[in-house]
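The chain below stands alone and is given in structure tokens; this is the form predicted on its own.
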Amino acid sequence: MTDTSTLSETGTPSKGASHLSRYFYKSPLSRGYGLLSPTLLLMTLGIVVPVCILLVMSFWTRQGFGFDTTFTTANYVKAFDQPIYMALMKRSLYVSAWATISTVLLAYPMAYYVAFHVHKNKMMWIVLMTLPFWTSYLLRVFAWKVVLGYEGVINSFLMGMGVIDAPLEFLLYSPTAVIVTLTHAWAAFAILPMYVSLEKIDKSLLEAATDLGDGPIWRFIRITLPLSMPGIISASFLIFIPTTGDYITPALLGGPDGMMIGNLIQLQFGAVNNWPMGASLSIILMLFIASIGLVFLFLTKLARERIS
């Protein structure tokens, strides 16, 4: 039997309900947080808590097979004093920046074509563009190792055509190989947000610009590019953040000159067994990425204000 002293006929709390329940039903903010609470709880347990653990551990030191939990900044001092750490950090940011730029430049025309020139079966086109990325990430990395190898597809073709006499050494075990592989590996993640941003552009704006005398180039610069900037920014962050800490691709294709900070962090948590040092390097990397992201957002905002 339903307790009518608690719920009314409309299902909302009656006079007999508690003050907390009445506040929950009346406040849109509390209802919104109630719906988000499972996601927020999962993000807290999966992201916030591990980062907090890394932050605390970064102020510890290794002592034998255990940790000395005495607060110290020795790991951060060592990270900035030893040239190898900052050299790998700069190389990681350099490789990730070029991988981000090349991926966006490669993916934007594809997203633009599907958004503006494909009128039927758009979903099929999107599926076809992302189909190669349904395979394992490791398989794609090994595939590029075959393509870029000394006796790989590119070198074999060029030597067979008589263009070169010896294999091109810069194709494999170099930053170039890492950038090429990362560009291919993350292309699908750049296409989708840019396609969504381009698809939302009101086509009447482009028609109005044409009526006012703008050609295709100026129409793109004044309307399409600024309005698609949110998608470009989203794609850039989706690529830049994970590629900076990538360690699989540099380990397989980078060689000595292609190692990145992710390889050093993995080494600290693995073979070296110096978790506090690995935690401090991880925190420094996150701070670098956050700083670059804030500067990028600020500059993008200024550029959009000037364009508009």
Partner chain sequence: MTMTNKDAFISIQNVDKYFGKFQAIDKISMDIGHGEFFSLLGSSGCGKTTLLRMLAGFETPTNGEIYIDGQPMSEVPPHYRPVNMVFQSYAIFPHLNVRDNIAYGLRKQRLSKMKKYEMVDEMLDLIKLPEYGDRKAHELSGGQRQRIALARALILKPKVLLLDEPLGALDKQLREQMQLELRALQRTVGITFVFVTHDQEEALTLSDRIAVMSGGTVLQTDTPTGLYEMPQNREVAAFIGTMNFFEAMVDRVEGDTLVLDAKGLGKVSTTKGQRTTTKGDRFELAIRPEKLKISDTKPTTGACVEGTLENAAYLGERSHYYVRVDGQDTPVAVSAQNQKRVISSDQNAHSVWLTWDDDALVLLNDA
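Positions refer to the first chain, counted from 1. Since we're looking at a predicted model, the values are computed, not measured.
Below, we refer to the form predicted together with its partner chain, which is not included among the displayed structures.
Only one listed stretch (70-78, 168-176, 86-94, 201-209) carries heavy atoms within 4.5 Å of its partner chain in the predicted bound form, and that stretch is 201-209.
The contact residue chosen from 223, 147, 229, 187 relative to its partner chain in the predicted bound form is 223, the criterion being a non-hydrogen atom within 4.5 angstroms. Though its partner chain is absent from this view, in the predicted bound form it lies within 4.5 Å of a heavy atom of just one residue from 237, 125, 218, 116, which is 218. Though the partner is left out of this view, residue 213 does reach within 4.5 Å of its partner chain in the predicted bound form, counting heavy atoms only.
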